[in-house]
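Single chain ahead, written as structure tokens, the form predicted on its own.
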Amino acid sequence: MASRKEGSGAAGGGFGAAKGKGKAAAAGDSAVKQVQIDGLVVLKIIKHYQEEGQGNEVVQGVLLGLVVDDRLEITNCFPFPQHTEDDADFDEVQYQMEMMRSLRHVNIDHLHVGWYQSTYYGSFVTRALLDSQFSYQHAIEESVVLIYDPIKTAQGSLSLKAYRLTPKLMEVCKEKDFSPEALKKANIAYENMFEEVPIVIKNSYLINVMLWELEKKSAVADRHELLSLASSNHLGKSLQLLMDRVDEMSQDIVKYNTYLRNVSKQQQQKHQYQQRRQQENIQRQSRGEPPLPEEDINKLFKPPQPPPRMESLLIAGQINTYCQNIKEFNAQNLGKLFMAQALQDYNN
């Protein structure tokens, strides 16, 4: 299970795959083509963050539902409770088992289909999320992770996205080999680490009627703030986070370049050593002496360990996410500026 303390976890054997009438996906194909979420689940996730999330504090929870054909239906959820390191007696897995057992007793969907997590300015592409989603997806093939962005949602548009690990990345994670050669062989890049699954939010007919009635009765809200030309601190904060990740990427590049220089230097030392032994053997042969015994050159020159490249891929993926967020935000602001200019020209 996803852990609030470390942000990672494992979907244990106590949670079976939540398969309904659906058929198993073909090998190499994604098991889920669409995610259907009940409106109640969305409200629960938003409420969870509003009650427990503060600033960059991450909130997490469990998603429940079932799989119908290639559609994952999320019908319920419950949060992970807030606890500190002092709560040594708290058993998170036992808590989830008891919650699911209680839901089963009242005839509510209790099958485990994934987990959700809030994000801070789109900062969710981390090793903790990768390890946690791998554990879920390895145990339950159809599981997804929902990423809720409260900052974007507060600006007027719900930001809720569903992600899964690609089959290529699942194979690499199973092997636990994140060396440059393994990632190159698997053709893994930051673009194909995660796959986004389309989301559809569905409400019952009674809820749709109630929303329609509430919309008719509610007073017209003042929405002039949506046309505000001020960019607040969203753009500045996003750029600051982007620069931090670029600095981390630069440090990783320096480490990798150092590794390549060490490998090149060692290859030259091996070549020089072999040439010296070859010349010495020629001299010994001319004196009628036996050649020097063969030695394992790999024992004399231990190859340097390559730095793991998974962290670099995750940083690159996070940089790409920041760039997409900045692009969307700037596109909205440019639209407001062009609209304001047109209105000013019209009034003049």
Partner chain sequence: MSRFFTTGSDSESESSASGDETAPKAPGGPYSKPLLLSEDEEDTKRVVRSARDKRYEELTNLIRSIRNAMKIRDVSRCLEEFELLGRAWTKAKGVVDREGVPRFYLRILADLEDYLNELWEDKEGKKKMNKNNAKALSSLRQKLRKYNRDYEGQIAAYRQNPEQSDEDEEKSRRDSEGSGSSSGAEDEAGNFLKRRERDEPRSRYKESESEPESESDEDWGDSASESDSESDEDDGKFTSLASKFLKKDEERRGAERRREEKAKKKLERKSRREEEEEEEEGGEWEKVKGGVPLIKEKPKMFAKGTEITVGLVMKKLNEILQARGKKGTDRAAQIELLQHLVAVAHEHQLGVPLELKIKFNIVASLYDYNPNLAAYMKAELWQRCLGCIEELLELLFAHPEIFVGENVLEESENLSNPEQPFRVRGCVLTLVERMDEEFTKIMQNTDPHSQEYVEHLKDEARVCGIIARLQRYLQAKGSPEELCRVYLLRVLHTYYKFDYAAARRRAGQVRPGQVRPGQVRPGQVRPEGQEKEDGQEKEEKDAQVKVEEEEKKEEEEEEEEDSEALMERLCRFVYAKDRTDRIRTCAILCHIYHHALHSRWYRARDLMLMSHLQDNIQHADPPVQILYNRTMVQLGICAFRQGLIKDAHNALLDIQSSGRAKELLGQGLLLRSLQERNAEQEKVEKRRQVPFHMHVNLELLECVYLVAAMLLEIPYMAAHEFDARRRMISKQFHHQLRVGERQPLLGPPESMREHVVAASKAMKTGDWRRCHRFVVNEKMNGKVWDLFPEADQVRAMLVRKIQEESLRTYLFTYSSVYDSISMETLAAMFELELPTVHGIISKMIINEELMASLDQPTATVMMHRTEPTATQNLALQLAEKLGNLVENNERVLDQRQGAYGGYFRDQKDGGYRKGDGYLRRGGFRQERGNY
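Positions refer to the first chain, counted from 1. Model, not experiment: these values are computed from the prediction.
Although not depicted, the form predicted in complex with its partner chain is the subject of the following passage.
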(request) Using the partner position in the predicted complex, report whether L183 sits within 4.5 Å of its partner chain, counting heavy atoms only. (result) no
(request) Evaluate D247 for contact with its partner chain in the predicted complex, applying a 4.5 angstroms cut-off between non-hydrogen atoms, and reply yes or no. (result) yes
(request) Report yes if any heavy atom of Q94 sits within 4.5 Å of a heavy atom of its partner chain in the predicted complex; otherwise report no. (result) no
(message) Considering non-hydrogen atoms and a 4.5 Å limit, does its partner chain approach L242 in the predicted complex?
(response) yes
(message) Exactly one residue in Q275, S102, S204, Q82 has a non-hydrogen atom within 4.5 Å of its partner chain in the predicted complex; which is it?
(response) Q275
(request) Tell me, out of L260, V200, L211, L158, which residue has a non-hydrogen atom within 4.5 angstroms of its partner chain in the predicted complex. (result) L260
(request) Mind telling me which stretch in 135-143, 249-257, 119-127, 189-197 gets its heavy atoms within 4.5 Å of its partner chain in the predicted complex? (result) 249-257
(request) At a 4.5 angstroms cut-off on non-hydrogen atoms, which residues of 134-148 are near its partner chain in the predicted complex? List them in order. (result) none
